[in-house]
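Just one chain is shown here, as structure tokens, and it is the form predicted on its own.
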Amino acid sequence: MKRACVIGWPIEHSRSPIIHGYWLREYGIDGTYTKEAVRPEEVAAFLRSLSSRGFVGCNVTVPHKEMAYAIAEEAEESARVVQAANTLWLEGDRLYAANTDTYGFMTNLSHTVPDWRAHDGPACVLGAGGAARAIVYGFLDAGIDEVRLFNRTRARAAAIAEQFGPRVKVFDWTNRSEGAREACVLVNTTAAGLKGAGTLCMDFTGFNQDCVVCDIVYVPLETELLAQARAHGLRTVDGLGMLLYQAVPGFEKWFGVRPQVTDKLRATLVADIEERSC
């Protein structure tokens, strides 16, 4: 039996076991995927003992992603760019790391809105954390000419722009609505809207009607940002698809099967979100 897990502190909120458990049953694989609560001071020891604990690999959630990257002996470009890892696996006695957030976001965007590049405007990203870095990387890799970053702390956005080069432009947070009106895609990577808390106060008046508005938040599935964008006739993409697709590469590494993200799997997650929200 192959065993994998997700680690974090806290970990109770993680829905990864629902996703991987579904696939294990769907493909008839003799394996398990569990939640493991690991304190920050215990992360290094836990990851170095994955094999002796019987695990073939693991997912990593907050606040352990940076430490996971530092501990890994080999890292894919996805993890090196973001300087954080959410997916680890063993090859022999060596620990490998990847960050599948870029894959998860870009795959979900292309699956949900295949013509998301309906016009040639810039991609605009709200926030400057690890998720923003992963998504900026994805847009640049997809050939977007300009990515505009908006963050309350300008210096954090400037650090990303310095890393990725001249195609990334930094804009003041106060200009986020005006500066994003030409966008082909607008993405919220901040926590605003999570569980209904906080607001981005975006004004979608005058936005290009081909713009796609995305939120990586998936609780609730339709955040205030998405509701406002939809009210202005814009297409929207919620954050649940990113969660589902980012899980695909890890499952394949651990269990040897490339799983499919299906409507039935999404419905299973939606039902769980609705149940927990009651």
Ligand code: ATR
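We number the residues from 1 along the sequence you see. On a predicted model such as this, the values are computed, not experimentally measured, just so you know.
Not on display, but discussed next: the form predicted in complex with this ligand.
This ligand is not shown here, and in the predicted complex it never comes within 4.5 Å of any heavy atom of G206. Contact check for N151: a heavy atom falls within 4.5 Å of this ligand in the predicted complex. Interface membership of G179, defined by any non-hydrogen atom within 4.5 Å of this ligand in the predicted complex, is ruled out. Taking non-hydrogen atoms only, G138 never approaches this ligand to within 4.5 angstroms in the predicted complex. From the list 69 to 77, 164 to 172, 179 to 187, 125 to 133, the contact stretch for this ligand in the predicted complex under a 4.5 Å heavy atom rule is 125 to 133. When this ligand is considered in the predicted complex, only one residue from A158, A191, C201, A142 comes within 4.5 Å through any heavy atom, namely A191.
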